[in-house]
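Presented as structure tokens, the chain that follows is alone, the form predicted on its own.
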């Protein structure tokens, strides 16, 4: 469970790339409120360092966060001691009965779990549907094919006060797989420590995801923003509703 987002990359992601979780949070809280879920129990799949979990706790929700990275969970537990966190693959973990499920930051695309495939994704949608209470919602985003249409591969360089990260992205157009080769340098004492990770993501068309969600019974809405926060190119957000079952 520790091959991805190890200690240094988890730290860098938390301090240097937190804007997605924080800037999308108000819009997602609005979605919950608009669906009469102003309180309740939320399961956050791929919770990372707990930034979104903290926003939920501050809004008086109960939270269970699940992530495959032990280093991410360690940060989350320190940040949000009054939430519960589990180190596990979201494709295998038991999802308890809940009012809402969230998964932010293209977590469903990642091939961190070697068992992740189209069938496992369909099974996950079914398990989420069954776990949600009547009227519950599943909010998440995915990365679609074609994010590197302007050039393939692409390279980026980002630095902070005590860290540097270099990322090379390359998309396999036939297999619809995005590969990120990530090199980090983090200051530890007087020197910088290097680490390398390779992340692969299966890219899905929004129409395919919508179809799979509808097969298990969800009513599906797609978005290109969470409130005022516009998603970057290639990302699509989903709000999947479980129909309210009338009381007998």
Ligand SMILES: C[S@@+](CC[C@H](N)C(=O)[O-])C[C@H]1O[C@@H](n2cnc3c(N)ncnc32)[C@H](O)[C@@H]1O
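On a predicted model such as this, the values are computed, not experimentally measured, just so you know. Positions refer to the first chain, counted from 1.
Only in words, not in the display: the form predicted together with the named molecule, which the text now covers.
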Answer range among 128 to 136, 171 to 179, 86 to 94, 158 to 166 for contact with the named molecule, defined in the predicted bound form as heavy atoms within 4.5 Å: 86 to 94
Single option in 104, 121, 143, 75 placed near the named molecule in the predicted bound form, where near means a heavy atom within 4.5 Å: 104
Non-hydrogen atom contact residue 51 with the named molecule in the predicted bound form at 4.5 angstroms: yes
The named molecule contact in the predicted bound form: residue 20, any heavy atom under 4.5 Å: yes
The named molecule contact in the predicted bound form: residue 68, any heavy atom under 4.5 Å: yes
Residues of stretch 106 to 133 in contact with the named molecule in the predicted bound form (4.5 Å, non-hydrogen atom): 107, 110, 112, 113
